[in-house]
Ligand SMILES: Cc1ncc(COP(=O)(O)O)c(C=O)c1O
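Listed next as structure tokens is one chain, alone, in the form predicted alone.
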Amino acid sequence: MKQADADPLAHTRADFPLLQRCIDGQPITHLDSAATAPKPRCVIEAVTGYYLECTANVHRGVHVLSEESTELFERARQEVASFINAAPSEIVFTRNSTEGINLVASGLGLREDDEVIVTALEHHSNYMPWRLHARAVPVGLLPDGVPRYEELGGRLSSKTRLVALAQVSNTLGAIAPVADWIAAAHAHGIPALVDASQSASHLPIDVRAMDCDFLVMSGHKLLGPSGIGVLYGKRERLEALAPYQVGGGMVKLHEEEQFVLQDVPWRFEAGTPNIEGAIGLGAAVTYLRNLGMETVQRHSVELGRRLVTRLRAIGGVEILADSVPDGQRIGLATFVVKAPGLGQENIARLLCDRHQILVSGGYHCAHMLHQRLNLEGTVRASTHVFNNEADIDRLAEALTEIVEV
């Protein structure tokens, strides 16, 4: 992307109404999609369309509105399944990635002496459930925060019940060697879970080729609504999981003497689901597929290069995972800004108030990483399909002004 007109995704900016928002009379520069991404108009229209045309429950009504709602809901499941090359029966709708991981952690029947191999930079959602149900065993870190992925083999033992890894770290933006981890786990007869919360809307995902046993995604990072997520599981893995919660809709039969569960995936979707969220998520993945995920990946990686290049040129800015090879980072970078009297959250707020640039500041739900690197917070800038090089240049100019004051 040497010029703005060379950006194949430049047209997408017009699809996001939120980008028209101004702060203090100035348009915003949105660089915080790793937290929650803006929604394209098609997603907003899909959600409001459900409210306006067929608000009703799914799977349990006999009137036309319920039939239409059920069709839209299950069509969304098909869209999500196609997006990652899964079968619809392998897609469980959850509230978010957090619930998907907790569902697996609960359903596996883990014991306190069982072990789950992770990295120290995992999001709390892919660390704390394993601590609660078993014992999380992290691999080591390089001085700049990159995990020592090669240590996995030395961590596997007779107590290992699962390996769990983010395909892209929400703090580093680095693309992890998930294929290597999955292969190593399977060589020992151990299942693997992939956290695709940050990767799903930046990289093409094929769960068949990846051969993961479980994978989770969150709608709100995937250009979709909040409160909706996905747990993918190989059918035999889902069938072996114990129910996470029980209630309406997840049983075929409930009598005095017995109850019979629904087939997967519906046995894991107790109660009235987030119908409009699922419909909106279906619209979001359709939007991304229409852009072409290979195009999206190239765009994200190019912005990642630009981001690191511009940040490296600023004195007083230290980038985490600066050793990540070229091309192995999406458009996300986390860094420390050394400005007298200002913490990293102060920097993030200053970027908003003075420059209308939206980034994250703090620990990004990765306390373990910050503790190991002795960091009291960091700043994170994250891009999406609508961002361009001018957005990154604007951030770099603002940071240069801050550190030079």
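What you see is a predicted model, and the numbers here were worked out from it, not measured in a lab. For every residue, the number given is its place in the sequence shown, counted from 1.
FYI, the form predicted together with this ligand isn't displayed, but the following is about it.
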Q: Please run the contact check for K221 against this ligand in the predicted complex: heavy atoms, 4.5 angstroms, yes or no?
A: yes
Q. Heavy atom to heavy atom, is V168 within 4.5 Å of this ligand in the predicted complex?
A. yes
Q) Would S97 count as a contact of this ligand in the predicted complex, using a 4.5 angstroms cut-off between non-hydrogen atoms? A) yes
Q. Do Q198 and this ligand share at least one heavy atom pair within 4.5 Å in the predicted complex?
A. yes
Q) Among 285-293, 235-243, 139-147, 119-127, which stretch has residues with heavy atoms no more than 4.5 Å from this ligand in the predicted complex? A) 119-127
Q. Among the candidate residues A366, L351, A46, A34, which is the single one with a non-hydrogen atom no more than 4.5 Å from this ligand in the predicted complex?
A. A34
